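To begin, one chain is listed below as structure tokens, in the form predicted alone.
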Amino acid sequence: MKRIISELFVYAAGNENNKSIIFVHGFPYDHTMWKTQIEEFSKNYYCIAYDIRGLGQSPAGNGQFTMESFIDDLETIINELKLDKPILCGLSMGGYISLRALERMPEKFSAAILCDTKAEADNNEGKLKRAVGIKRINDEGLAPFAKDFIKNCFGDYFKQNKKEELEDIIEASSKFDPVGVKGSLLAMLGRTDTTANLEKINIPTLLICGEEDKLTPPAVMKEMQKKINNAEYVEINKAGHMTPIENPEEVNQAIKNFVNIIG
């Protein structure tokens, strides 16, 4: 089922009377990156995925986004759909949104799945890279930036064996509104550091990381695991930063094991 909530494109699958999982995608992608997970978990869960404002089919408006405005959007969707303590699942930028949401409104969620992400805010080098990305989009258009950025997200196995699928992903993201993509870069550049809140997370938490992830390497996510009480960590084989796409079978199994334990 597709619907529009506060201008955002929202996709729902499964029985709405079942326990809900809300999936928050990464940058610069859309809700379809969770396709395999939704196909699997909508059998027993009510699965919600949406296009973050400015990406996919959600409008960019003026592109003046902050991480807080992204949290506002997430909260609006949860309230509008009357989701009762959903499991929150976010990857990369979706993980930044999830981590801040867990800090700002922890009572909203029953469990968290954090994929290929980190709690630290950008350091000066990271902020400058975001600024360079915005300038490049202004100077060259979105396509060259999207191609280089997305290729860096994937591990060697996927790039060598799934070339057509990778090209399709790049092509899809290259068609997004450049204003929205730059707005996401601004939001990530200005996001707060959520590291101090990790020890306050008291709901079941699963951390997933690709063994070849260059953007948020296993060492980074293992350190995050240590700071969250009783958090579980699963490393995904033959995968870089985009684990749900690169190795959906292992990711689905990790999530399945996790949700079966927490009930």
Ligand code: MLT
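From 1 onward, residues are counted along the sequence shown. Just so you know, these numbers come straight off a predicted model, no measurement behind them.
Omitted from view is the form predicted together with this ligand, to which the following refers.
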Item to check | Partner proximity in the predicted bound form: S98 to this ligand, non-hydrogen atom cutoff 4.5 Å | outcome: no
Checklist entry - Would Y45 count as touching this ligand in the predicted bound form under a 4.5 Å heavy atom rule? => result no
Checklist entry - Using heavy atoms and a 4.5 Å limit, would one call R130 a contact residue for this ligand in the predicted bound form? => result yes
Next on the checklist: At 4.5 Å between heavy atoms, is I77 in contact with this ligand in the predicted bound form?
Outcome noted: no
Checklist entry - Just one of A146, A119, M93, L83 has a heavy atom within 4.5 angstroms of this ligand in the predicted bound form, so which one? => result M93
Checklist entry - Heavy atom within 4.5 Å of this ligand in the predicted bound form: which of I169, A111, L142, M188? => result M188
Checklist entry - Among 202-210, 22-30, 64-72, 226-234, which stretch has residues whose heavy atoms lie within 4.5 Å of this ligand in the predicted bound form? => result 22-30
